[in-house]
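Okay, here we've got a single chain as structure tokens, the form predicted on its own, with questions on binding and movement later.
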């Protein structure tokens, strides 16, 4: 068996369960961060993955923001990618994206070689542009059979990142006393969780809590019905496939 696991067509539920199992394992080992917004780095620590800032060579590495070297158990962040320095949500998303590769696609026991995060653009893009790129990819993945295994792998890692940073139980906690249709309240949740606004909005839409049209927010199916989200990571990680 090689370093990279054979391609698996994981669905959203399967990926979310993997993220919840990681959180449950961290909890049972008393490894959760004191501040939720530090979760990505703490998760890298849990897997003993070192996070380094290094300059990338665009000619050699291509246009990437981060990469993971499995045999070295090292995540490298592009030192020249300015948005990673100034945007905490993007930083958390990028680190947890690489952790997603480690959890979902790498044979950890015999890791060797290199896997690149090829989706995020090198230019100092804003959250919206970066997340839209992922959203377009997700839509295309479900609409065509022409996508590559690498495309699926990037989508899986990014969806894992979203589920890890914004598990259902944490969203359930964070939304108490807040109006999900109010942008100011969403900003408060975003800062509490240490994620970007665009990532938060897409997660809420994915959980059917809100719908979005332009800058206007509307209640989603779940918000209308009052159906609660899962109350704990243990509850989520024990959900059968």
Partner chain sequence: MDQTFGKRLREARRSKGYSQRELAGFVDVDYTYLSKLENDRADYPPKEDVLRALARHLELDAEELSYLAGRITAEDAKVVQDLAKTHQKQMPVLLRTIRDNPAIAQRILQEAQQEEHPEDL
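Predicted model only: the values in this text are computed from it and were never measured. Positions refer to the first chain, counted from 1.
Beyond the structure shown, there is the form predicted in complex with its partner chain, which is absent from this document and is the topic of what follows.
Out of the stretches listed (204 to 212, 186 to 194, 169 to 177, 53 to 61), which one is close to its partner chain in the predicted bound form, meaning heavy atoms within 4.5 Å? Among the candidates, contact is made by 53 to 61.
Is residue 106 close enough to its partner chain in the predicted bound form to count, meaning some heavy atom within 4.5 Å? It does not: once its partner chain is placed as it appears in the predicted bound form, residue 106 has no heavy atom within 4.5 Å of it.
Taking the shortest heavy atom distance, is residue 91 within 4.5 Å of its partner chain in the predicted bound form? Residue 91: yes, in contact with its partner chain in the predicted bound form.
Can you check whether residue 182 is within 4.5 Å of its partner chain in the predicted bound form, heavy atom basis? Flag for residue 182 set to no.
Residue 27 versus its partner chain, in the predicted bound form: is there a non-hydrogen atom within 4.5 Å? No - in the predicted bound form, heavy atoms of residue 27 and its partner chain never come within 4.5 Å of each other.
Using a 4.5 Å cut-off on heavy atoms, what residues in 151 to 177 are near its partner chain in the predicted bound form? Heavy-atom contacts to its partner chain in the predicted bound form: nothing from 151 to 177.
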